[in-house]
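As a starting point, one isolated chain is supplied in structure tokens, in the form predicted alone.
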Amino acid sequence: MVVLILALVIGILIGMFIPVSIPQDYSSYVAVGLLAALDSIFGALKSTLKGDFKIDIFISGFVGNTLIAMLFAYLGDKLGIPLYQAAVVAFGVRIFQNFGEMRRVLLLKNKSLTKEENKND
């Protein structure tokens, strides 16, 4: 867990001090790719809290979801249809669902810990 927090802090610092500019033509691809990556990360966090995290499922979902989302955005641009919006809605819904499940798991764990402490007193 310490390694993850350290990696997050390093990533934030790199992002703050090394300017990266993304051309506007690619902004929808990057946005959809980031949402797909966030969806996979929230799914991994949820699985970790539930105790059934598997690294191979995480990596395949992370890469696969990101590539498919970016492919949809690309095909939508070529067809003149905003297909990226479908990916934004789908990944947005999944992110909120995963967050809701994580919240429930944490609240239930907290309640069970509180009940055990009360029994021991």
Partner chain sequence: MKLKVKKPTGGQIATAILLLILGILISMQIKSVKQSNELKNLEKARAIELAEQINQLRKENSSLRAQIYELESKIKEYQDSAASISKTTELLKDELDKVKILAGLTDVEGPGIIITLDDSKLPATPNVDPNSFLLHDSDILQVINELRAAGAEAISINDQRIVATTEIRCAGPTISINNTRYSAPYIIKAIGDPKILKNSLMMRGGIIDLLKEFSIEVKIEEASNIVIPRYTGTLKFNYAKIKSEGS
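Predicted model, so just to flag it, every value in this text is computed and none were measured. Throughout, rigid core stands for the largest set of C-alpha atoms superposing within 1.5 Å between the two forms. Residue numbers count along the first chain shown, from 1.
Quick note: we don't show the form predicted together with the partner chain, though the next part is all about it.
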Notebook entry, point to check: Are any of the heavy atoms in residue 112 no more than 4.5 Å from a heavy atom of the partner chain in the model of the complex?
Noted result: no
Notebook entry, point to check: So in the model of the complex, does residue 27 come within 4.5 Å of the partner chain, heavy atom to heavy atom?
Noted result: yes
Notebook entry, point to check: Going by a heavy atom distance of 4.5 Å, is residue 67 a contact of the partner chain in the model of the complex?
Noted result: no
Margin query: Check residue 84 for me: does it contact the partner chain in the model of the complex (non-hydrogen atoms, 4.5 angstroms)?
Written below: no
Item checked: Candidate from 89, 49, 34, 75 lying within 4.5 Å of the partner chain in the model of the complex - any heavy atom -> 34
Check: Counting only heavy atoms, which residues in 86-101 are within 4.5 Å of the partner chain in the model of the complex?
Finding: none
Next item on the list: Would you tell me if residue 107 moves between this form and the one not shown by 2 Å or more at its C-alpha, with the rigid core held superposed?
Entry: no
